[in-house]
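Okay, so here's just one chain, in structure tokens, the form predicted alone.
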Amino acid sequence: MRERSVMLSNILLGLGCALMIAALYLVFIYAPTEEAMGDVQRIFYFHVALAWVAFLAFFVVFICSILYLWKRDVRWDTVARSSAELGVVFTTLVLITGPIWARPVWGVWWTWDARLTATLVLWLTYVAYLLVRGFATEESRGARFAAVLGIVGFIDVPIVYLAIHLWRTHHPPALVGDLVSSMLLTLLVSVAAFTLLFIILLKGSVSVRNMEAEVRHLKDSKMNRRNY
């Protein structure tokens, strides 16, 4: 079983590296330069892929939090916690790449645009999720509170996505349908590469947490035997 897991990890890692190299080639060499924005538009392929993975990570938190509250199985909480950490990392990268792209186009690093503000709220929500876990006096209580926050916080994901349709905003609308074939291919490969990166990191994080839980269990068992 362990050998099969190692083999799967190696396959995913190899495929992930190949996809990431392909994405970099497509972004910087294959994709044409956008006429209006120039080379700065190339950050679009990373920015959109990062945003997609952040949404995916928080969706995993949402589903696993529901399953944890329903079944009280710590395995679902482990996946939710690991996915929340990755979601915060990817959302941080979204908030970094967005202003880098916006500065030459809008002339400012940040504006309280509806989508930008909603994204910042999303980031703060899941940072709070991690803080709840970190400062909880009891592991089970922190897991329950965080699960509720993980479920409620997911409401902001469709708000972020629909913000450009619900309010007047500086943020450009979805342009996927208007992309030429080479740009669309580049975007799809970038999304695939970052999605696989998320899966690899999530699998690794869950494995580490499971090993930590096993070590704690062994230590507790050893302490209990000493007490007897």
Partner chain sequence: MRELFTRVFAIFWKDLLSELRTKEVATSVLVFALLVVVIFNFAFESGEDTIGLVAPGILWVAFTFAGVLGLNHTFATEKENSSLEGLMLCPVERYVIYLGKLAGSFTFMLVVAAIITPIFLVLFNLPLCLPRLALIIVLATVGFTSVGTLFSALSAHTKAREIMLPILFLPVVVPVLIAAVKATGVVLDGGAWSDMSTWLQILVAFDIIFLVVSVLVFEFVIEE
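Numbering follows the first chain given and starts at 1. Small disclaimer: the values here were computed from a predicted structure and weren't measured.
What comes next is about the form predicted in complex with its partner chain, which is not displayed.
Though its partner chain is absent from this view, in the predicted bound form it lies within 4.5 Å of a heavy atom of just one residue from I199, I164, V48, V189, which is I164. Note that among 108 to 116, 141 to 149, 80 to 88, 94 to 102, the stretch whose heavy atoms approach its partner chain to within 4.5 Å in the predicted bound form is 141 to 149.
When its partner chain is considered in the predicted bound form, R72 lines it closely, a heavy atom lying within 4.5 Å. Mapping the unseen interface onto this chain, I159 counts among the residues with a heavy atom inside 4.5 Å of its partner chain in the predicted bound form. Using a 4.5 angstroms heavy atom cutoff to its partner chain in the predicted bound form, all of L124, L131 and I155 count as contacting.
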